[in-house]
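Before any questions on binding or motion, here is one chain by itself as structure tokens, the form predicted on its own.
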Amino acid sequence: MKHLMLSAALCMAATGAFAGKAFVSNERGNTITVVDTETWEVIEEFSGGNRPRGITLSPDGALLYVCASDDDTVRVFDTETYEELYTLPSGPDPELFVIHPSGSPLYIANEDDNLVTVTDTEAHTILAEVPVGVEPEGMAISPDSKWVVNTSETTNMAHFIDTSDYQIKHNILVDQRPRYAEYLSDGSRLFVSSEIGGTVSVIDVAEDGTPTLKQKIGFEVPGVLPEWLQPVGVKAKSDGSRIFVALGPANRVAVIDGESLEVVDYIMVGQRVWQMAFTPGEEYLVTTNGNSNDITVIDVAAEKAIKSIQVGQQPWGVAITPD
């Protein structure tokens, strides 16, 4: 009997350890809210430093990385205990970052210093500082890890950085204030959102990484002022069939057909929708809504919002643990 009870306890512990979690950075509240992605209930909230924005996980889901923008550092937390383990050098005002699939390095956009900082997550050292355009924000890494893309808000460009030597090899001019960049899973295409320009630039990528601007996608919603249609976060399904675009103060997520590149629907979510993340199987898409202080859960297959969960003050970014 004791053996059976011990086995049951171990099974319960294992289930708890691998339960799905969404971590939400609350920019104004200076906290991280933790949401159980099975019950969609808030299970914890802890300090994330001053003005936490960009948020991501180690490939194994054990570590949470947070851009504490006003602390000029990246804070690193244990995803089970929520204990802060250490900080990483980030350069000034880290806003968004991407992590190499191996877990190191981090590629960090430093908005106030016009740099992309490359930080070794194991040695806790800076490997390189790459000068880019003015007000860098968006970051993406190609599926083959050969390229890192930075979008610079004031320069209105996507910069393609070679990860072998940290040199910019290509620049693509996009519309005003590019916020986010997202590769398709096969690396053949990149989407760059332009908040003030009101468009998403579609960039085709050759096998050698050379980018070519293909077209720009605009948005139109009856009853919504054009200036409210501000594309920010972008997420593409792994099969490329759908691209989802957060439209900021329009309070909607646009749904784009991956083949025709036509907008096929708009999903109503919370106020000032900003960033998004898929659950591991892409059953759900979670959005952060900064002005309504909540997140919205979208059923991806139905392309419909199904739930809203209150989190902290001005939620900005979201990261969801892997399987």
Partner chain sequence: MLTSLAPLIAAVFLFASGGIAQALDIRAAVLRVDYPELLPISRYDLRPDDLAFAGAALADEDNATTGRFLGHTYETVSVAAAPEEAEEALAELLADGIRYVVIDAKAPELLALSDRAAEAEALVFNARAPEVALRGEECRANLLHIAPSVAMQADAVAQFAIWKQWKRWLLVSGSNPEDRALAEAYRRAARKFGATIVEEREFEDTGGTRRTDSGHVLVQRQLPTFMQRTEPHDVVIAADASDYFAAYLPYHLWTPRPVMGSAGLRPVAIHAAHEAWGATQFQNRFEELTQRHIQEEDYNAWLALRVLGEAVTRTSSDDPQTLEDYILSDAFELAAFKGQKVTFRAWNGQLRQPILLYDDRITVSVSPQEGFLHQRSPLDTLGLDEPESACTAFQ
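For clarity, every value in this text was computed on a predicted model and none was experimentally measured. Positions refer to the first chain, counted from 1.
Quick note: we don't show the form predicted in complex with its partner chain, though the next part is all about it.
- Just one listed stretch, out of 226 to 234, 120 to 128, 182 to 190, 82 to 90, contacts its partner chain in the model of the complex at the 4.5 Å heavy atom level, and that stretch is 226 to 234.
- A heavy atom within 4.5 Å of its partner chain in the model of the complex is found for exactly one of 104, 156, 163, 142: 156.
- Among 174, 205, 250, 98, the residue placing a heavy atom within 4.5 Å of its partner chain in the model of the complex is 174.
- Its partner chain is not shown here, but in the model of the complex it comes within 4.5 Å of a heavy atom of residue 213.
- Though the partner is left out of this view, residue 168 does reach within 4.5 Å of its partner chain in the model of the complex, counting heavy atoms only.
- Under a 4.5 angstroms non-hydrogen atom cutoff, its partner chain in the model of the complex has residue 133 among its neighbouring residues.
- Within 4.5 Å of some heavy atom of its partner chain in the model of the complex lies at least one heavy atom of residue 197.
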